[in-house]
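Just one chain is shown here, as structure tokens, and it is the form predicted alone.
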């Protein structure tokens, strides 16, 4: 057990990250005043595709998602509203939250009570629940809807199919908005999207260091601008600054937490409303230093035959020139079909991947949540658990939902986590016990 006490420090770029998050929320309600489009749909992918029309707001299927999940009373009202319309608990928990907002009249309402009418819905079909939710919202609000199929396998045919789809989507958006698509804006946005995802993967790579310069809890917050606005230049600036800051922390031995008695991974999504699970190991001096929920959907990765994860190279670093619409579309298809592990959901394509990640990040134990709230993410979970156990890696499995607090037993889960940490040979730190007196 490593009992070294490390230096810690706050991240200088943290306020910049929070400001970008606030700006994203506010933009939904100010977009109309600025003449910007308001585009609904959960498209954490292909963000650059709408940027050819200039700056745009994206309130997903409801702008109050995070705030609702953090308030159990509001969340319960929201879920009950969706369920009263026939959307029961066997449906994706996130989609029920979105539909609850819709039927509560929140989807188009600003905090001041103003109404904002979205221009259209664009939904990359990462799963059937997202696609169907988009259709329902479209019908309820009376706005145009386009479903963009998202292939899960990478081949010449799927790339050609996806680039054709995106070209047709551009033409569809031009027709629905009566606006002209600007190729230069689009090309810049594609380059930004690529750079944010490569920088994020390179930042995640640095958490291999002992001590880790970031922990999962920090990464969970830092990842948000990458989800909402990685097509923007100011987001690239944030991640360049973060990359340099994390690199400096590694050089100076600055840790995310004072101790690293054990290094933990959390695989699959965590409970969004109960992120204190990441603080529980601190009393043992242990720390969650990564996992696929923080690494994959925001990072561009090369996964090698032996299971090694390596940050991808930028297109220009591989001699790829993005100077036309066609080249930009191909670059987007390349990014999401060639370098995004999340596009495969959690199906383990290479059986060596999970165990190799655990080895390369020097992880002592893995905690995995079986997600009742997402049928897509549950694919392949059992296989990964078996893979880790066969490799002799200590694991703890618990059940829950990333969005619905009713599917998660917090007390039982934290007790199980305590037992798991003790099974790794850890004990509560004396200074923690003294702090509790």
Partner chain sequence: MNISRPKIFRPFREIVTDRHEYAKKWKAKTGGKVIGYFCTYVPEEIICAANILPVRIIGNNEPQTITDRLCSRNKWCPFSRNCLAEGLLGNYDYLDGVVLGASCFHTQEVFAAWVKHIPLSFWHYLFIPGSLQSTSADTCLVGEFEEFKSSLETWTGASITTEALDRAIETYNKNRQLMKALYELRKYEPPMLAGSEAMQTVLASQLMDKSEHNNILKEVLAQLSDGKNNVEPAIRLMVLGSENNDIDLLRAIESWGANIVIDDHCVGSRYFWGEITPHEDRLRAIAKRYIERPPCPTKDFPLRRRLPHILGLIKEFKVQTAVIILQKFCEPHQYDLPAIESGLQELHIPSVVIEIDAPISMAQIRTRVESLIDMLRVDTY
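Note that the structure is a prediction, hence the values are computed from the model and not measured. Positions refer to the first chain, counted from 1.
One more form of this protein should be noted, the form predicted in complex with the partner chain, which is absent from this view; the next part is about it.
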State the residue from 88, 252, 316, 175 whose non-hydrogen atoms include one within 4.5 Å of the partner chain in the model of the complex.
88
Which of these residues, 155, 276, 324, 115, gets a heavy atom within 4.5 Å of the partner chain in the model of the complex?
155
Name the stretch, out of 281-289, 214-222, 157-165, 326-334, where some heavy atom lies within 4.5 Å of the partner chain in the model of the complex.
157-165
Is residue 136 a contact residue for the partner chain in the model of the complex, using a 4.5 Å heavy atom cut-off?
yes
Even though the partner isn't displayed, in the model of the complex is residue 55 close enough to the partner chain, meaning a heavy atom within 4.5 Å?
no
Does residue 60 reach the partner chain in the model of the complex, with heavy atoms at most 4.5 Å apart?
no
Residue-level question: is residue 339 within 4.5 Å of the partner chain in the model of the complex, judged on heavy atoms?
no
Heavy atom within 4.5 Å of the partner chain in the model of the complex - qualifying residues of 127-148:
127, 128, 129, 131, 132, 133, 135, 136, 139, 145, 147
